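Take a look at this one chain, the form predicted on its own, written out in C-alpha coordinates.
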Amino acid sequence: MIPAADLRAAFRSLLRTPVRSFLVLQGIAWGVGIAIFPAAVLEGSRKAALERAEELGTGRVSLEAEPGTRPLDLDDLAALRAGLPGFQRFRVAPFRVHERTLRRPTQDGRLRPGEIFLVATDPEALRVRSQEVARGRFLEPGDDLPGAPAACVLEPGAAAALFPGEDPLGRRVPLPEGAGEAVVAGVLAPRSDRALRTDDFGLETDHFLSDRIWRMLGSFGVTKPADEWKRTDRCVLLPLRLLPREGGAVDTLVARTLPQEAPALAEALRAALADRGAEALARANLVWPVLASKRIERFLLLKDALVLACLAMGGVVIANVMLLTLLERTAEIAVRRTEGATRGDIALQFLAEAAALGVGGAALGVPLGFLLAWVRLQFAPFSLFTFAFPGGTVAAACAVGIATAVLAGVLPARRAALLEPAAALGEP
(Lines give C-alpha, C1' and ligand atoms only; values in the text may rest on other atoms or scores of the structure.)
Protein backbone atom coordinates (compact mmCIF):
# COMPACT_ATOMS: atom_id res chain seq x y z
CA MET A 1 0.00 0.00 0.00
CA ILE A 2 1.48 3.34 -1.06
CA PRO A 3 1.29 5.95 1.75
CA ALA A 4 -0.94 8.98 1.12
CA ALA A 5 2.02 11.37 1.36
CA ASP A 6 3.85 9.53 -1.42
CA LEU A 7 0.72 9.56 -3.57
CA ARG A 8 0.25 13.28 -3.08
CA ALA A 9 3.89 13.92 -3.95
CA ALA A 10 3.56 11.76 -7.09
CA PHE A 11 0.46 13.56 -8.33
CA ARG A 12 1.95 17.00 -7.61
CA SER A 13 4.99 16.06 -9.65
CA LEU A 14 2.86 14.88 -12.63
CA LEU A 15 0.59 17.94 -12.50
CA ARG A 16 3.54 20.32 -12.60
CA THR A 17 4.23 19.14 -16.17
CA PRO A 18 0.79 18.20 -17.56
CA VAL A 19 1.81 18.32 -21.23
CA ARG A 20 4.75 16.03 -20.69
CA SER A 21 2.67 13.68 -18.55
CA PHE A 22 -0.01 13.52 -21.27
CA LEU A 23 2.56 12.78 -23.97
CA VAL A 24 4.19 10.08 -21.85
CA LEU A 25 0.99 8.18 -21.11
CA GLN A 26 0.05 8.02 -24.83
CA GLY A 27 2.02 4.82 -25.33
CA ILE A 28 -0.17 3.05 -22.78
CA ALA A 29 -3.30 4.72 -24.17
CA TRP A 30 -2.66 3.56 -27.73
CA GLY A 31 -1.84 0.05 -26.58
CA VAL A 32 -5.09 -0.20 -24.62
CA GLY A 33 -7.07 1.44 -27.44
CA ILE A 34 -5.71 -0.87 -30.11
CA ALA A 35 -6.54 -3.86 -27.91
CA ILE A 36 -10.15 -2.73 -27.47
CA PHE A 37 -10.89 -1.46 -30.99
CA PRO A 38 -10.93 -4.74 -32.98
CA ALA A 39 -12.40 -6.72 -30.10
CA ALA A 40 -15.31 -4.27 -29.83
CA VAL A 41 -16.05 -4.50 -33.57
CA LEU A 42 -15.63 -8.27 -33.88
CA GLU A 43 -17.57 -9.17 -30.75
CA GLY A 44 -20.33 -6.72 -31.61
CA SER A 45 -20.59 -7.94 -35.21
CA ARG A 46 -20.55 -11.61 -34.25
CA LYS A 47 -23.24 -10.99 -31.67
CA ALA A 48 -25.32 -9.05 -34.20
CA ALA A 49 -24.90 -11.82 -36.76
CA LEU A 50 -26.51 -14.32 -34.40
CA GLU A 51 -29.01 -12.19 -32.51
CA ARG A 52 -30.22 -10.16 -35.50
CA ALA A 53 -30.07 -12.93 -38.08
CA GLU A 54 -33.78 -12.68 -38.79
CA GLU A 55 -33.72 -8.91 -39.15
CA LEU A 56 -30.58 -8.70 -41.30
CA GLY A 57 -30.94 -11.96 -43.22
CA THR A 58 -27.64 -13.43 -42.04
CA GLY A 59 -28.99 -16.94 -42.53
CA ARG A 60 -30.65 -16.33 -45.92
CA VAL A 61 -29.42 -17.44 -49.34
CA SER A 62 -30.96 -16.05 -52.55
CA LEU A 63 -30.78 -18.11 -55.73
CA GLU A 64 -31.35 -16.73 -59.22
CA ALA A 65 -30.69 -18.22 -62.66
CA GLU A 66 -27.60 -16.92 -64.39
CA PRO A 67 -28.41 -14.73 -67.41
CA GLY A 68 -28.85 -16.78 -70.57
CA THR A 69 -29.56 -20.06 -68.75
CA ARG A 70 -32.82 -21.83 -68.03
CA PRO A 71 -34.93 -20.27 -65.28
CA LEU A 72 -35.37 -21.89 -61.92
CA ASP A 73 -38.73 -23.61 -61.56
CA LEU A 74 -41.04 -25.35 -59.12
CA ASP A 75 -39.37 -28.71 -59.75
CA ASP A 76 -36.08 -27.19 -58.54
CA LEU A 77 -37.97 -25.92 -55.49
CA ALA A 78 -39.30 -29.40 -54.72
CA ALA A 79 -35.83 -30.91 -55.06
CA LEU A 80 -34.31 -28.40 -52.64
CA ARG A 81 -37.13 -28.82 -50.15
CA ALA A 82 -36.31 -32.52 -49.99
CA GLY A 83 -33.13 -31.44 -48.17
CA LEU A 84 -29.41 -31.80 -48.72
CA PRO A 85 -27.14 -34.35 -47.00
CA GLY A 86 -25.08 -32.86 -44.18
CA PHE A 87 -27.33 -29.85 -43.58
CA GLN A 88 -30.03 -29.27 -41.04
CA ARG A 89 -33.52 -28.74 -42.33
CA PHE A 90 -33.81 -25.40 -44.10
CA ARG A 91 -36.77 -23.55 -45.54
CA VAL A 92 -37.11 -22.49 -49.18
CA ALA A 93 -39.69 -20.18 -50.73
CA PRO A 94 -40.27 -19.25 -54.40
CA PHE A 95 -40.90 -15.72 -55.63
CA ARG A 96 -42.28 -14.38 -58.88
CA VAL A 97 -42.15 -10.63 -59.30
CA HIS A 98 -44.43 -8.99 -61.82
CA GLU A 99 -42.53 -6.95 -64.39
CA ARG A 100 -44.77 -3.95 -63.89
CA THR A 101 -45.97 -2.33 -60.72
CA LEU A 102 -49.57 -1.85 -59.76
CA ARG A 103 -50.71 1.76 -59.97
CA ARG A 104 -53.40 3.36 -57.87
CA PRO A 105 -55.53 6.16 -59.38
CA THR A 106 -55.28 9.49 -57.57
CA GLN A 107 -58.23 11.76 -56.88
CA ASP A 108 -57.69 13.63 -60.15
CA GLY A 109 -57.90 10.37 -62.11
CA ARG A 110 -54.22 10.20 -63.07
CA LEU A 111 -52.11 7.17 -62.23
CA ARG A 112 -49.61 7.46 -59.42
CA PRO A 113 -46.08 6.40 -60.53
CA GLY A 114 -45.38 2.71 -60.00
CA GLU A 115 -45.03 2.07 -56.29
CA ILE A 116 -46.53 -1.36 -55.59
CA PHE A 117 -44.83 -4.66 -56.43
CA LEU A 118 -46.88 -7.74 -57.21
CA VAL A 119 -45.03 -10.73 -55.78
CA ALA A 120 -46.30 -14.31 -56.05
CA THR A 121 -45.06 -16.77 -53.41
CA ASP A 122 -46.26 -19.49 -51.02
CA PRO A 123 -46.80 -19.86 -47.24
CA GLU A 124 -43.09 -20.53 -46.54
CA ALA A 125 -42.26 -16.95 -47.51
CA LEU A 126 -43.39 -15.61 -44.13
CA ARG A 127 -40.69 -17.49 -42.23
CA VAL A 128 -38.06 -17.37 -44.95
CA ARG A 129 -38.18 -13.57 -45.02
CA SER A 130 -38.66 -13.30 -41.22
CA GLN A 131 -41.87 -11.30 -41.47
CA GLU A 132 -44.85 -11.25 -39.13
CA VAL A 133 -48.58 -10.84 -39.64
CA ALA A 134 -49.98 -7.73 -37.98
CA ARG A 135 -53.63 -8.28 -38.93
CA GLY A 136 -55.56 -11.04 -40.60
CA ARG A 137 -53.62 -14.01 -41.92
CA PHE A 138 -50.85 -14.94 -44.34
CA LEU A 139 -51.16 -17.03 -47.48
CA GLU A 140 -52.26 -20.62 -46.89
CA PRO A 141 -51.83 -23.78 -49.01
CA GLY A 142 -55.52 -23.71 -49.94
CA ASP A 143 -55.11 -20.30 -51.58
CA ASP A 144 -53.12 -21.91 -54.40
CA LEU A 145 -55.73 -24.54 -55.27
CA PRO A 146 -57.62 -24.09 -58.55
CA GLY A 147 -60.97 -22.43 -57.99
CA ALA A 148 -60.07 -21.03 -54.58
CA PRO A 149 -61.01 -17.38 -53.94
CA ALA A 150 -58.19 -15.04 -54.96
CA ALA A 151 -56.49 -13.78 -51.78
CA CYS A 152 -53.55 -11.47 -51.18
CA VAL A 153 -51.52 -10.12 -48.27
CA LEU A 154 -50.25 -6.54 -48.13
CA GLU A 155 -47.04 -5.24 -46.71
CA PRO A 156 -47.65 -2.12 -44.60
CA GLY A 157 -46.45 0.35 -47.23
CA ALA A 158 -48.71 -1.21 -49.85
CA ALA A 159 -51.68 -1.05 -47.47
CA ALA A 160 -51.03 2.64 -46.77
CA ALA A 161 -50.63 3.45 -50.48
CA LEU A 162 -53.65 1.52 -51.72
CA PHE A 163 -56.03 2.22 -48.86
CA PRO A 164 -54.83 5.32 -47.01
CA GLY A 165 -56.64 5.79 -43.72
CA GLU A 166 -58.86 2.78 -44.39
CA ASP A 167 -59.08 -0.79 -43.15
CA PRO A 168 -57.64 -2.88 -46.02
CA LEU A 169 -58.96 -6.24 -44.82
CA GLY A 170 -61.63 -7.50 -47.18
CA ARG A 171 -60.88 -4.85 -49.78
CA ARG A 172 -60.02 -5.79 -53.35
CA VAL A 173 -56.78 -5.29 -55.26
CA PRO A 174 -56.85 -5.43 -59.09
CA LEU A 175 -54.63 -8.05 -60.72
CA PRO A 176 -52.64 -7.35 -63.88
CA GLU A 177 -53.84 -7.91 -67.42
CA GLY A 178 -57.48 -8.17 -66.49
CA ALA A 179 -57.01 -11.25 -64.32
CA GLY A 180 -59.62 -10.04 -61.86
CA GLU A 181 -59.19 -8.95 -58.28
CA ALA A 182 -57.75 -10.40 -55.09
CA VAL A 183 -59.29 -9.93 -51.64
CA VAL A 184 -56.96 -8.66 -48.91
CA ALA A 185 -56.66 -11.41 -46.29
CA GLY A 186 -53.92 -9.92 -44.13
CA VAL A 187 -51.46 -7.13 -43.50
CA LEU A 188 -47.83 -7.70 -42.48
CA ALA A 189 -45.98 -5.90 -39.70
CA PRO A 190 -43.40 -3.30 -40.73
CA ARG A 191 -39.74 -4.27 -40.82
CA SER A 192 -36.92 -2.22 -39.34
CA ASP A 193 -35.28 0.55 -41.35
CA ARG A 194 -31.98 -1.35 -41.21
CA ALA A 195 -33.59 -4.43 -42.71
CA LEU A 196 -35.06 -2.36 -45.53
CA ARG A 197 -31.62 -0.90 -46.26
CA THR A 198 -29.80 -4.25 -46.40
CA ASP A 199 -29.40 -6.22 -49.63
CA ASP A 200 -28.67 -9.93 -50.15
CA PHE A 201 -24.94 -9.39 -49.65
CA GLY A 202 -25.46 -7.52 -46.37
CA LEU A 203 -24.60 -4.14 -47.92
CA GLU A 204 -26.38 -1.02 -46.74
CA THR A 205 -27.84 0.35 -49.96
CA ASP A 206 -27.71 3.98 -48.83
CA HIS A 207 -24.10 3.87 -47.58
CA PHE A 208 -21.76 6.27 -49.36
CA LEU A 209 -19.40 3.38 -50.20
CA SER A 210 -22.00 0.89 -51.47
CA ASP A 211 -21.71 2.01 -55.10
CA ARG A 212 -17.94 1.57 -54.97
CA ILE A 213 -18.34 -1.89 -53.50
CA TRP A 214 -20.69 -2.84 -56.33
CA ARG A 215 -18.27 -1.51 -58.92
CA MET A 216 -15.55 -3.63 -57.35
CA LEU A 217 -17.84 -6.68 -57.34
CA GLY A 218 -18.72 -5.95 -60.95
CA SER A 219 -15.04 -6.18 -61.88
CA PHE A 220 -15.21 -9.78 -60.65
CA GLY A 221 -18.30 -10.49 -62.74
CA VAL A 222 -20.85 -10.08 -59.94
CA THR A 223 -23.87 -8.20 -61.26
CA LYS A 224 -26.12 -6.08 -59.11
CA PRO A 225 -29.54 -7.73 -58.96
CA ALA A 226 -32.75 -5.86 -59.68
CA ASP A 227 -34.36 -6.88 -56.42
CA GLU A 228 -35.71 -3.62 -55.05
CA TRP A 229 -38.88 -5.44 -54.06
CA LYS A 230 -36.95 -7.18 -51.28
CA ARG A 231 -36.05 -3.87 -49.69
CA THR A 232 -39.47 -2.28 -49.69
CA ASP A 233 -42.61 -2.70 -47.63
CA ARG A 234 -44.82 -2.03 -50.65
CA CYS A 235 -45.40 -5.58 -51.93
CA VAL A 236 -48.72 -7.25 -52.63
CA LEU A 237 -48.14 -10.94 -51.95
CA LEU A 238 -50.21 -13.37 -54.02
CA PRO A 239 -50.50 -17.14 -54.41
CA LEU A 240 -48.31 -18.52 -57.22
CA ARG A 241 -51.30 -19.43 -59.39
CA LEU A 242 -52.32 -15.77 -59.71
CA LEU A 243 -49.02 -14.90 -61.45
CA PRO A 244 -48.45 -17.96 -63.66
CA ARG A 245 -45.22 -18.48 -65.61
CA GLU A 246 -44.50 -20.85 -68.45
CA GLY A 247 -43.05 -24.13 -67.21
CA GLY A 248 -43.58 -23.15 -63.59
CA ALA A 249 -40.62 -20.74 -63.72
CA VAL A 250 -39.78 -18.53 -60.73
CA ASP A 251 -37.55 -15.48 -60.50
CA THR A 252 -35.93 -16.23 -57.17
CA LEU A 253 -35.63 -19.02 -54.62
CA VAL A 254 -34.78 -17.87 -51.10
CA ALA A 255 -33.54 -20.35 -48.48
CA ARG A 256 -33.24 -19.71 -44.76
CA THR A 257 -31.03 -21.64 -42.36
CA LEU A 258 -28.77 -21.03 -39.36
CA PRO A 259 -26.28 -18.20 -39.90
CA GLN A 260 -23.41 -20.61 -39.26
CA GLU A 261 -24.52 -22.82 -42.16
CA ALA A 262 -25.44 -20.14 -44.68
CA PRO A 263 -22.04 -19.85 -46.46
CA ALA A 264 -21.70 -23.61 -46.95
CA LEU A 265 -25.38 -23.99 -47.79
CA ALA A 266 -25.09 -21.38 -50.56
CA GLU A 267 -22.45 -23.47 -52.32
CA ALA A 268 -24.35 -26.70 -51.72
CA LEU A 269 -27.57 -25.27 -53.14
CA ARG A 270 -25.79 -23.99 -56.21
CA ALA A 271 -24.16 -27.39 -56.74
CA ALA A 272 -27.50 -29.18 -56.27
CA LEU A 273 -29.12 -26.99 -58.91
CA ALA A 274 -26.18 -27.53 -61.25
CA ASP A 275 -26.78 -31.28 -60.98
CA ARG A 276 -30.30 -30.57 -62.22
CA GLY A 277 -29.01 -28.60 -65.19
CA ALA A 278 -29.65 -25.14 -63.74
CA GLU A 279 -26.90 -22.54 -63.47
CA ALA A 280 -27.70 -20.44 -60.43
CA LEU A 281 -26.19 -17.41 -58.73
CA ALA A 282 -26.14 -17.79 -54.94
CA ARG A 283 -26.12 -14.61 -52.87
CA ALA A 284 -25.54 -14.59 -49.14
CA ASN A 285 -24.17 -12.21 -46.52
CA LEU A 286 -20.53 -11.41 -47.35
CA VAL A 287 -19.50 -10.47 -43.83
CA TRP A 288 -20.58 -13.47 -41.80
CA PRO A 289 -18.16 -15.98 -43.42
CA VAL A 290 -15.30 -13.63 -42.59
CA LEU A 291 -16.44 -13.17 -38.99
CA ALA A 292 -16.80 -16.93 -38.55
CA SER A 293 -13.53 -17.88 -40.24
CA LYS A 294 -10.29 -18.88 -38.55
CA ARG A 295 -8.56 -16.04 -40.37
CA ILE A 296 -10.06 -13.71 -37.79
CA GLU A 297 -8.27 -15.63 -35.05
CA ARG A 298 -4.98 -15.09 -36.87
CA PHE A 299 -5.82 -11.43 -37.17
CA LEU A 300 -6.45 -11.26 -33.44
CA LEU A 301 -3.01 -12.79 -32.82
CA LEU A 302 -1.48 -10.10 -35.01
CA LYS A 303 -3.50 -7.52 -33.10
CA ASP A 304 -2.16 -8.86 -29.79
CA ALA A 305 1.40 -8.56 -31.09
CA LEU A 306 0.72 -4.95 -32.07
CA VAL A 307 -0.78 -4.24 -28.67
CA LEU A 308 2.25 -5.67 -26.89
CA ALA A 309 4.53 -3.61 -29.11
CA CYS A 310 2.63 -0.42 -28.25
CA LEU A 311 2.65 -1.23 -24.55
CA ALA A 312 6.36 -2.08 -24.63
CA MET A 313 7.07 1.19 -26.41
CA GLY A 314 4.95 3.01 -23.86
CA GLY A 315 6.85 1.33 -21.05
CA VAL A 316 10.21 2.28 -22.57
CA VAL A 317 9.06 5.89 -22.98
CA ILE A 318 7.88 6.05 -19.37
CA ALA A 319 11.14 4.58 -18.08
CA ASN A 320 13.33 6.90 -20.16
CA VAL A 321 11.36 10.04 -19.34
CA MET A 322 11.37 9.23 -15.63
CA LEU A 323 15.12 8.61 -15.74
CA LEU A 324 15.64 11.96 -17.47
CA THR A 325 13.40 13.80 -15.05
CA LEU A 326 15.33 12.20 -12.21
CA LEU A 327 18.24 14.49 -13.11
CA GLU A 328 15.94 17.52 -12.79
CA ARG A 329 14.51 16.38 -9.48
CA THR A 330 17.60 15.58 -7.44
CA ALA A 331 17.08 18.65 -5.27
CA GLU A 332 13.43 17.72 -4.67
CA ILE A 333 14.47 14.19 -3.67
CA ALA A 334 17.17 15.51 -1.36
CA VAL A 335 14.73 17.87 0.37
CA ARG A 336 12.28 15.02 0.94
CA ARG A 337 15.08 12.87 2.37
CA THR A 338 16.14 15.63 4.77
CA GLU A 339 12.49 15.99 5.84
CA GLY A 340 12.52 12.35 6.93
CA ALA A 341 11.48 10.43 3.83
CA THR A 342 13.12 7.04 3.61
CA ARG A 343 14.57 5.39 0.51
CA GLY A 344 11.39 3.30 0.37
CA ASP A 345 9.25 6.46 0.38
CA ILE A 346 11.19 7.85 -2.60
CA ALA A 347 10.90 4.57 -4.49
CA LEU A 348 7.18 4.41 -3.75
CA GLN A 349 6.70 7.96 -5.00
CA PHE A 350 8.27 7.11 -8.35
CA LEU A 351 6.31 3.87 -8.59
CA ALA A 352 3.14 5.83 -7.80
CA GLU A 353 3.95 8.24 -10.63
CA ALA A 354 4.43 5.33 -13.02
CA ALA A 355 1.20 3.73 -11.85
CA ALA A 356 -0.64 7.04 -12.25
CA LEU A 357 0.64 7.27 -15.81
CA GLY A 358 -0.56 3.71 -16.40
CA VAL A 359 -4.01 4.42 -14.94
CA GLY A 360 -4.26 7.64 -16.94
CA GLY A 361 -3.17 5.88 -20.12
CA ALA A 362 -5.71 3.09 -19.56
CA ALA A 363 -8.46 5.60 -18.81
CA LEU A 364 -7.63 7.43 -22.02
CA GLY A 365 -7.23 4.21 -24.01
CA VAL A 366 -10.74 2.87 -23.32
CA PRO A 367 -12.62 5.76 -25.01
CA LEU A 368 -9.89 5.90 -27.65
CA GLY A 369 -10.59 2.25 -28.53
CA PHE A 370 -14.32 2.88 -28.90
CA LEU A 371 -13.64 6.04 -30.90
CA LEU A 372 -11.48 4.01 -33.30
CA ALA A 373 -14.26 1.41 -33.53
CA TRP A 374 -16.86 4.09 -34.28
CA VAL A 375 -14.70 5.70 -36.97
CA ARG A 376 -14.06 2.30 -38.56
CA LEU A 377 -17.77 1.53 -38.66
CA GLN A 378 -18.48 4.75 -40.55
CA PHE A 379 -16.49 3.27 -43.44
CA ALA A 380 -18.12 -0.17 -43.26
CA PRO A 381 -21.00 -0.41 -45.76
CA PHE A 382 -22.26 -3.65 -44.22
CA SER A 383 -25.25 -3.48 -41.90
CA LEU A 384 -23.90 -6.37 -39.85
CA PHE A 385 -20.97 -4.33 -38.55
CA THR A 386 -21.52 -2.85 -35.11
CA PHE A 387 -19.60 -2.75 -31.85
CA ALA A 388 -20.15 -4.00 -28.34
CA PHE A 389 -18.45 -3.51 -24.98
CA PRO A 390 -15.86 -6.32 -24.69
CA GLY A 391 -15.65 -6.39 -20.91
CA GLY A 392 -12.98 -9.08 -20.69
CA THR A 393 -10.75 -7.38 -23.24
CA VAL A 394 -11.15 -3.98 -21.57
CA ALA A 395 -10.23 -5.36 -18.15
CA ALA A 396 -7.25 -7.32 -19.49
CA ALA A 397 -5.94 -4.42 -21.59
CA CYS A 398 -6.18 -1.98 -18.68
CA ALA A 399 -4.50 -4.41 -16.28
CA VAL A 400 -1.63 -5.10 -18.69
CA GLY A 401 -1.25 -1.39 -19.45
CA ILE A 402 -1.03 -0.43 -15.78
CA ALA A 403 1.32 -3.33 -15.03
CA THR A 404 3.57 -2.26 -17.92
CA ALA A 405 3.74 1.28 -16.57
CA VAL A 406 4.55 0.08 -13.05
CA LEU A 407 7.31 -2.23 -14.32
CA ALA A 408 8.70 0.65 -16.36
CA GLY A 409 8.92 2.70 -13.18
CA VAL A 410 10.96 0.13 -11.22
CA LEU A 411 14.38 1.21 -12.54
CA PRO A 412 13.78 4.97 -12.10
CA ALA A 413 12.39 4.30 -8.62
CA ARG A 414 15.48 2.31 -7.68
CA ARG A 415 17.82 5.02 -9.00
CA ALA A 416 15.89 7.69 -7.11
CA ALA A 417 15.97 5.69 -3.87
CA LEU A 418 19.75 5.25 -4.10
CA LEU A 419 20.36 8.97 -4.58
CA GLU A 420 22.42 10.44 -1.72
CA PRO A 421 20.81 13.65 -0.38
CA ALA A 422 24.09 15.32 0.55
CA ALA A 423 25.50 14.83 -2.94
CA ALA A 424 22.24 15.99 -4.50
CA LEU A 425 22.15 19.20 -2.47
CA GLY A 426 25.73 19.92 -3.40
CA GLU A 427 24.92 19.89 -7.13
CA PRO A 428 24.44 23.26 -8.82
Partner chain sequence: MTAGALAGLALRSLRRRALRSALTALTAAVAVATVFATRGLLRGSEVALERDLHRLGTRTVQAVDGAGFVPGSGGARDPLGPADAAAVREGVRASGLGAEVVEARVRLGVASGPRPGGRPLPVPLVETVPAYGRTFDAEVLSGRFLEEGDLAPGAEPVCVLDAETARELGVAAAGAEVAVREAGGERRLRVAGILADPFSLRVSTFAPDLSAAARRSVHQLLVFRNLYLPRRPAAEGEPPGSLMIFAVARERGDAEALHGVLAGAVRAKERGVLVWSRGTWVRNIVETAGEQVQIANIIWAIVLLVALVMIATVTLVGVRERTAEVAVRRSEGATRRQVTLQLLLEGGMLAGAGGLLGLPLGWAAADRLSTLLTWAPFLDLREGVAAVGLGVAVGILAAALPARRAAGWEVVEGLRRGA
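Positions refer to the first chain, counted from 1. It should be emphasised that the depicted structure is a prediction, and the values quoted were computed from it without experimental measurement. We call the rigid core whatever largest set of C-alpha positions still superposes within 1.5 Å between the two forms.
Same protein, other form: the form predicted in complex with the partner chain, not shown, and the subject of what follows.
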property: The partner chain in the predicted complex: contacted by all of 79, 97 and 160, heavy atom 4.5 Å; result: no
property: In the predicted complex, residue 283 touching the partner chain (heavy atom, 4.5 Å); result: yes
property: Exercise: residue 358 in contact with the partner chain in the predicted complex, heavy atom 4.5 Å; result: no
property: Proximity of residue 411 to the partner chain in the predicted complex, heavy atoms at 4.5 Å; result: yes
property: Interface membership of residue 328, the partner chain in the predicted complex, 4.5 Å heavy atom rule; result: yes
property: Residue among 393, 26, 45, 383 with a heavy atom within 4.5 Å of the partner chain in the predicted complex; result: 26
property: Interface residue in the predicted complex among 130, 320, 260, 232, criterion: non-hydrogen atom within 4.5 angstroms of the partner chain; result: 320
property: Candidate stretches 222-230, 141-149, 116-124, 161-169, one within 4.5 Å of the partner chain in the predicted complex by heavy atom; result: 222-230
property: In the predicted complex, residues of 274-290 near the partner chain [heavy atom within 4.5 Å]; result: 274, 275, 276, 277, 279, 280, 281, 282, 283, 286, 290
property: Yes/no, residue 135 Cα shift of 2 Å or more between the shown form and the other one with rigid core fixed; result: no
property: Rigid core superposed: residue 171 CA moves 2 Å or more between the shown form and the other one; result: no
property: CA of residue 329, rigid core aligned, shift of 2 Å or more between the shown form and the other one; result: yes
